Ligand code: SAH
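As structure tokens, one chain now follows by itself in the form predicted on its own.
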């Protein structure tokens, strides 16, 4: 039996891959990778490394999660070093915990290799700090795409009346509902919002607006996209660096 490395690929820019992740990728016998992992990372693998794509897109999954879990397990029976390469960090809405539990139940050794999460890196590349002295001392990271298996939302909307920065991951297709919900709980219609598309990549694009108008401004942006809600968005003009 081999060892499975549940590995974060970072937010997109290959230079944000961690040193440990790169070292293990170069040793891998097989890499099972997601859509959001930069494909240039695969070029770092050794000769003879096998590649298996299990990407999930908005309306199409190559494989359901249960089959991905089993595929990781079966490859761990065949290979010494298995890399499960996941966009961002494997445990920030990445389902790495489910994969780890599946392996644990089958006595397969595994390790987590943290990745730079898009929740912080993407706003940073767009010149938006998630915290800033005098503006906000905390931030929340929220899924913008809840499981369809749940009968009701698990998002505690009433808790979001504070001045915390709120980062929604995978929420572009639910942007209208997100903004409406925040207005319903009392956020001002003019409250600042940013949508950042393809963050940290060469074609990154940031759209700035308010809860009232951001949907119309950003609805045609390509995914992946991240939503930032908070007064820190107003710092974008002064701190933008990557897109310029």
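Please read these numbers as outputs of a predicted model, since none were measured by experiment. Positions refer to the first chain, counted from 1.
Not on display, but discussed next: the form predicted in complex with this ligand.
With the partner omitted here, the stretch from 98 to 106, 81 to 89, 132 to 140, 155 to 163 that lies within 4.5 Å of this ligand by heavy atoms in the model of the complex is 81 to 89.
In summary, among the residues 125, 110, 93, 73, the only one with a non-hydrogen atom within 4.5 Å of this ligand in the model of the complex is 93.
Of the residues given (229, 25, 225, 17), 225 alone sits with a heavy atom within 4.5 Å of this ligand in the model of the complex. In the model of the complex, this ligand sits within 4.5 Å of a heavy atom belonging to residue 198. Mapping the unseen interface onto this chain, residue 175 falls outside it, with no heavy atom inside 4.5 Å of this ligand in the model of the complex.
Interface membership of residue 211, defined by any non-hydrogen atom within 4.5 Å of this ligand in the model of the complex, is ruled out. Residue contact check for residue 54: none of its heavy atoms lie within 4.5 Å of this ligand in the model of the complex. For the stretch 1 to 18, the set of residues having any non-hydrogen atom within 4.5 angstroms of this ligand in the model of the complex comprises only 11.
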